[in-house]
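Next up: a single chain in C-alpha cells, the form predicted on its own.
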C-alpha cells in the first residue's frame, strides 16, 4: 500500500508538472541544466531509502496489528546482523555518494567560476534598486531597466550589487540565485543556450514593491543580434543618457517601473554605487 501511494504521488506530480512551464524544471542554459540533473540524481538516491522504509512501515504495521493472531510475539529476539548491516549500510553508502557529488558539483557550479567558452563573455553590471533592476553594459556603453539582453551561446559574467535593501537576483531558466547587497559586488556566470524571453525576479523580500520586482532576460539568437540591439539603443532618439542626476531620480522607490533603455551612462557609475556603502579608507584602497 505504501509503495502504491508513493507511486501514485510521483505519477500525480509528474502529470501536474508535465503541462506546466515550471521555470526551474525547464532549463534553457548550461548551468540550469546541470542543476536540474543534480536535483534528479539526488531525488533518485533519496527514493532508494524512502520507498523501502515506507514499505516496511506498512508491512510491519499490518503484520503486527493487534487483530492478527498469526503474529509471533518474540520479546527476546536479538535481531539480524544482515538486516542491521542493510539498514545502516545502505544509508551510509548513499550519504557518501551524495557527499562526493556535492563536493564536485559545488566546485563545478561555483557562481564565481567563469563558464569555459571559445566566445568572449559579455560583462553585465547589475544594480538592485527599489523595486527595479538596472543593467549596465560597460563594454558597450548602454544600460537598461527591467530588461536584460544577452546573446545565445555566449557566457555572461555578472557583477551584482545593490543601492537598496538586500535583494536576490535569479533567472530560474538559466541558473543560480545570487544575493545583491550594499557595498558588495557578487559575481555570477550564466549562459543561455536557447533563444527566448525568461522571467527574472527578486527572491528576497525587500519591501512593499517586492512582488513586482521582476524583469525579462531576453536571449537573442547570436552575437550579431545582440550587437544590433546595442546599435539600436544608441541610435534611438527615445533613449536617454543616464547621468548622476537621472540616476538619483531612478533610484527613488517606485513600483512596476517600465522597461527603459539608456544610450550611455556616467563613467564609473557601478563603482560609485558600490563604494558609497563602504568605509572611506577601504573605498580609497579599492580605487587604487
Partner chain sequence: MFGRLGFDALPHDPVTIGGVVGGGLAVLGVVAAMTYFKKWGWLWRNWLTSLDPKKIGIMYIAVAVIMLLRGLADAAMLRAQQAIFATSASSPISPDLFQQVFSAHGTIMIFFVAMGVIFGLINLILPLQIGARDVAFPLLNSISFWLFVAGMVLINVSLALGEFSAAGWLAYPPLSGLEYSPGTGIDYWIWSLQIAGVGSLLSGVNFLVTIFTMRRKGMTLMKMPIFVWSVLGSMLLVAFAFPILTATLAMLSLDRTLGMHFFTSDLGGNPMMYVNLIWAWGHPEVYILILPAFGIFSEIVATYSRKKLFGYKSMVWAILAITVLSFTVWLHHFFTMGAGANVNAFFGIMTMIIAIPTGVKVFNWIFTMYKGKVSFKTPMLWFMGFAVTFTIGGVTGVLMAVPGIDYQMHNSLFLVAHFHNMIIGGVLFGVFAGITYWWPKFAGFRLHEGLGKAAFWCWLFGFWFAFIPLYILGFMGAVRRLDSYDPSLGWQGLFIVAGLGVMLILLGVFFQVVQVAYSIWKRKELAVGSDPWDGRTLEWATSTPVAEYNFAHLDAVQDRDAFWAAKQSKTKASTKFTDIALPKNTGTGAYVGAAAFVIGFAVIWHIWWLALLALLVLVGIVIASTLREDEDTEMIITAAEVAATEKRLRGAGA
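Positions refer to the first chain, counted from 1. Values in this document were obtained by computation on a predicted structure and should not be read as measured data.
Keep in mind that the form predicted together with the partner chain is not shown, yet the notes after this line are about it.
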With a cut-off of 4.5 Å between heavy atoms, is residue 38 one of the residues that contacts the partner chain in the model of the complex? yes
How about residue 234 - does it come within 4.5 Å of the partner chain in the model of the complex, if we only consider non-hydrogen atoms? no
Does the partner chain come within 4.5 Å of any heavy atom of residue 255 in the model of the complex? yes
Closest heavy atom of residue 151 to the partner chain in the model of the complex, within 4.5 Å or not? no
Within 4.5 Å of the partner chain in the model of the complex, heavy atoms considered, which of 189, 146, 130, 125? 130
Heavy atoms, 4.5 Å, the partner chain in the model of the complex: which of 137-145, 90-98, 115-123, 151-159 makes the cut? Say which one. 90-98
For the stretch 41-79, return the residues whose heavy atoms include at least one within 4.5 Å of the partner chain in the model of the complex, in the order they occur. 42, 43, 46, 50, 53, 54, 56, 57, 60, 61, 64, 65, 66, 72, 73, 74, 75, 76, 77, 78, 79
